[in-house]
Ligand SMILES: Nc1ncnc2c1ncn2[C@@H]1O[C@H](COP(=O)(O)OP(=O)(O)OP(=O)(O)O)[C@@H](O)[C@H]1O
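Listed next as structure tokens is one chain, alone, in the form predicted on its own.
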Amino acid sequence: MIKLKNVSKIYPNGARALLNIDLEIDKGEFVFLVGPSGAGKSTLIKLLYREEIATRGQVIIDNINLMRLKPREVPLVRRNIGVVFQDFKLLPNKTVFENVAFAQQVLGKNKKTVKENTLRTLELVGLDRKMASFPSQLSGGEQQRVCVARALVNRPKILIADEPTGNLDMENALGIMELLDQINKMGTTVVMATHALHIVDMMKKRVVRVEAGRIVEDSKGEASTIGI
């Protein structure tokens, strides 16, 4: 599903974000990326949906080498990847329904399909009664649920979450984690970067620790013993 082979990323200013990364994530896995700020977690995440391009090595998603993609081919690959950000990135002048629908409209889906998919996904994340609300009328947890719905509505094979609970209180953070766990159990591969080590320890999923651009530990279902 996801393979990184000897991947390094060096930015134009000479900053080395990743060095000789080898990582494989199987279909249906739930993987946490942990590590201190500046360790390279966000860069690694961005390589997976080709927001960044590796300096060397191979980044392979579902047997497609992202390093060889032409710019016009990138949107096609991203259709199978949903992304959830820490800072929501919702359109403030659109309702909950419109924010989620927009992710499909840009792909040219017809109105009936857009409506059906949007309603189904909002029900999944528990926001079917909030579809007419605007982002400013929602709590932080509700806004993040809209982000999850937007990432899921096109039924991606992979869901990537970059600090999705970073701006949430504990109650809302746990709600988002329960939702991501539910989505994972439905068959979606989940890769989540986080500083919330108490959540990592509670979830008992595979944990990959990154330090100074290198993977230093990789534990499957043993978050409490990985030394975090």
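Heads up: residue numbers just count along the shown sequence, starting at 1. Every value quoted in this text rests on a predicted model; they were computed, and no experiment measured them.
In what follows, reference is made to the form predicted in complex with the ligand, a form of this protein that is not presented.
- Site residues I25, Y49 and K220 are none of them in contact with the ligand in the predicted bound form, judged by any heavy atom within 4.5 Å.
- With a 4.5 Å cutoff on heavy atoms, I183 does not count as touching the ligand in the predicted bound form; it lies far away.
- Although the partner is absent here, A17 lies within 4.5 Å of the ligand in the predicted bound form, judged by heavy atoms.
- Using a 4.5 angstroms threshold between heavy atoms, R56 stays clear of the ligand in the predicted bound form.
- Contact check for I199: no non-hydrogen atom falls within 4.5 Å of the ligand in the predicted bound form.
- The chain is drawn here without the ligand; in the predicted bound form, the stretch among 174-182, 34-42, 56-64, 199-207 whose residues come within 4.5 Å of it by any heavy atom is 34-42.
- Within 4.5 angstroms of the ligand in the predicted bound form, the stretch 161-188 places a non-hydrogen atom from E163 alone.
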